[in-house]
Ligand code: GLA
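Shown here is one chain on its own, the form predicted alone, set out as structure tokens.
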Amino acid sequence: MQSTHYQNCIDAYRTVYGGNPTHVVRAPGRVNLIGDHTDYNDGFVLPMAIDRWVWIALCGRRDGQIHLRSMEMAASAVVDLGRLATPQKGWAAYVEGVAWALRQAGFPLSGWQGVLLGEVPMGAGLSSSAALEMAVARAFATVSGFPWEPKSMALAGQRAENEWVGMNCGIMDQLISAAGQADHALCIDCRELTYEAVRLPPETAIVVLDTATQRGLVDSAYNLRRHQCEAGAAGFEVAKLRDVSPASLAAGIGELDGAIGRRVRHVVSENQRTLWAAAAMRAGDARRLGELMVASHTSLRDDFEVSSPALDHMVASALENDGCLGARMTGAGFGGCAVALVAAEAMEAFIPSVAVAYRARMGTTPRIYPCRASAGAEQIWAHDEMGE
């Protein structure tokens, strides 16, 4: 049975265009279990695609244009594939940027019209922008007839965000949205762009803990952290912090400025924790994975300084529960979401307990939802469901 969002997307297409779509595509958001601010340092990350998607119901056009209606924004955008010159503003820039990046990479592009329906919360650190990019890429692949290759599509999405939209992100978000696997996280090597599916520990659940706070100053702070990491790499005379070993860090950290040294220490230790976490998952060792998640949060809070009072209170509220094996902030930081690893048998009590504890600390009600690891971007042929 398809999600209600699937049918809602088809119904919205009928309302907007007066006919049936030929396809529905979707791409998931993501939650990162461990490995934050390591991707743009050519390091390791361990995200999973979640069962919340950006959906597009669509049909091809012959005039080389994209007509897209966003149901969330109650707004429409038109992109002329023959005139990709100046970026539009807002969500339309992501659509246009993906078209530009795919064309730059040599993919043949056909026009299409569609409606866009998103269920990935925006501004929560769950990669709604990458989900939009990969849904648009999947729509282009569907109507233009080129094969879906996750790595190429992720690189196009990253280029769109870096060079067209102006956000200097790493590759993690696009790659997990493009290549996710059900019931698994992906241990991604962000230098080699290779990945390994690692199964979630048995009898556990992943819970996203949305602090209900928007991320503040994230763009400027994110870019500052990148510059600090680049300075740290230069101090160690390496291309990227991926190349700094724990032994080299111990020997050379005293030569760096205090803040830069802390940034380097986080990245080097986080890379090691991520590899250890993947090994723990292969062994089915949920407790070890949880311990590493807690250590990651401490490092992000103290060394990389990208947590927030809301995130710290959320993690503390989660860890008060005996059934919580580990918790940490996730994403760029400064607000947004935390993620918890919870024993499956404790789930029923965990969610209300965390909500009460967080509300007592912060005075606001969080949004808490269990997530399943989902497949990456995919196309869904709509004909059968509509009786055609």
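Just so it is clear, the model here is predicted, and its values are computed rather than measured. In case it trips you up, residue 1 is the first one in the sequence shown, and so on.
Unshown form predicted together with the named molecule; subsequent notes refer to it.
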**Asked** Counting only non-hydrogen atoms, which stretch in 63 to 71, 347 to 355, 47 to 55, 328 to 336 is within 4.5 Å of the named molecule in the model of the complex?
**Response** 328 to 336
**Prompt:** Is there any non-hydrogen atom of Tyr195 lying within 4.5 Å of the named molecule in the model of the complex?
**Reply:** no
**Message:** Check Ala101 for me: does it contact the named molecule in the model of the complex (non-hydrogen atoms, 4.5 angstroms)?
**Reply:** no
**Asked** Is Ile171 close to the named molecule in the model of the complex, meaning a heavy atom pair under 4.5 Å apart or at it?
**Response** yes
**Asked** Is Gly35 one of the residues lying within 4.5 Å of the named molecule in the model of the complex, judged by heavy atom distances?
**Response** yes
**Asked** Heavy atom within 4.5 Å of the named molecule in the model of the complex: which of Tyr222, Trp91, Trp164, Phe236?
**Response** Tyr222
